[in-house]
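In structure tokens, the next block holds one chain alone, the form predicted on its own.
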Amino acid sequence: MDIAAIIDRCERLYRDLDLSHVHEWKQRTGGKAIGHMPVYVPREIIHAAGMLPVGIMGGGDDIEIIRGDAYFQSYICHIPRSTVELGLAGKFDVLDGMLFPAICDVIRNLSGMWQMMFPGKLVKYLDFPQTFNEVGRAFHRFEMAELALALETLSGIAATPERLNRAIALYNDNRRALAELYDLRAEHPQQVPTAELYLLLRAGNVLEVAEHTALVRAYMQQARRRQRALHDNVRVVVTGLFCEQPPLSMVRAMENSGCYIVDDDWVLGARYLLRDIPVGPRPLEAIADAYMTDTVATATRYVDGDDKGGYLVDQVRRRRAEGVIFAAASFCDPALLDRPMGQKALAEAGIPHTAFTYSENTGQVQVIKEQAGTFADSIKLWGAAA
């Protein structure tokens, strides 16, 4: 399969709001499928219980919101409304349950609404510790054990240590492949267009993990061989997109504005862990402990005394970026409340930055492209944002 065929397949999966691939997987395997909202869910446990993890990231710009607007206020982000719209339209009937990680109060409320709307399905809110000591570690281990029990009860398949270790190995391999993909783009951004990388990430929401890993590696093998001209673009890090995802049109617009995006935080749940989870005699504890010690810095993960913005500065330097674009979903409290601390750290480090907000069905693509282009030009001319 050549690059064009790989990306065409990924875009079809991205546009498939009916989850046709999940239907096919269930018919082929007889297994169950569990949906999960963005940021972080331990997919290893879902896999070990014999089920397919399915990442749910709203409807993008391919759905009109009608009924979903009746469930949430207009002054919150867009993703919960489109998720409700898709659920009420029957698009998620193929899912046997939904997991809602602790992203913000809106997603917490969405989990309660989901229980009322779909009483016959497994619905579980995943709380995460806010104290990263032994008390928090014990709490998180208990939460992961509760999750494993709920999934085992639903699937009828025990998440044994052997099955958990196999799942850990598969997801470790997937994260290594994605890290290699990000490294390749940072080194040769002209050979890995960001829109293609984004579609590859989104394909991992529905593909079985080993299949997704193979697809990513097949893409990289060919991307290394193709020759594309290197343009005089500015290298930027894009941050703030960890939950509600940008529409593909916005990703392409930013990429065509004179910017090479060399790092970002979209589809962050697939790359939340910084290192491999160790395989061993207590895999469930290893999964829980990995969250406590080896995860990225994000607005949804509080660490007492954490150097807010320090991770972002390190990210810029590691990727040899020339600036940062803060791109948060409209009304996203975690991202917007975190932004001033990130901007302060960048200012102190002398790193140019700019900011805008968007929604998953944004109609402001041209405005965003112009702002990103102006930012890139200002760095070329003066080495700082205008």
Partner chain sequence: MNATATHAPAVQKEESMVIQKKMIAEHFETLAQAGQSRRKVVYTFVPGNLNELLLAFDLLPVHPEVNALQSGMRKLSGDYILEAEKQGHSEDVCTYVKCDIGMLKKGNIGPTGEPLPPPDLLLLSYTGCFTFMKWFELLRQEYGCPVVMLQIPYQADGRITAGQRDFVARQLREVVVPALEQLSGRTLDEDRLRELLASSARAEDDLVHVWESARHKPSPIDAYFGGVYYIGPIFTAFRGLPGCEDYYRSLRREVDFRIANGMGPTTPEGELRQQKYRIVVEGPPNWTSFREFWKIFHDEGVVMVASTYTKVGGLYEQGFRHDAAHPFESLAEYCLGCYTNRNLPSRVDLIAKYVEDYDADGILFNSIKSCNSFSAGQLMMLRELEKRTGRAGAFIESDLVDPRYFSAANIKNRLESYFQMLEARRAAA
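Residue numbers count along the first chain shown, from 1. No experiment lies behind these values; they were computed from the predicted model shown.
As for the form predicted together with its partner chain, it is not shown, yet the points below apply to it.
When contacts are defined as a non-hydrogen atom within 4.5 Å, none of 55, 251 and 294 contacts its partner chain in the predicted complex. In short, of 23-31, 58-66, 326-334, 45-53 it is 326-334 that has heavy atoms within 4.5 Å of its partner chain in the predicted complex. None of the heavy atoms of residue 280 is located within 4.5 Å of its partner chain in the predicted complex. The shortest heavy atom separation between residue 317 and its partner chain in the predicted complex exceeds 4.5 Å. In the predicted complex, its partner chain sits within 4.5 Å of a heavy atom belonging to residue 338.
Using a 4.5 Å cutoff between non-hydrogen atoms, residue 175 does not count as a contact of its partner chain in the predicted complex. The partner is absent here; in the predicted complex, the one residue of 227, 74, 221, 153 having a heavy atom within 4.5 Å of its partner chain is 74. With the partner omitted from this view, the residue of 237, 201, 299, 99 that lies near its partner chain in the predicted complex is 299 [heavy atom within 4.5 Å].
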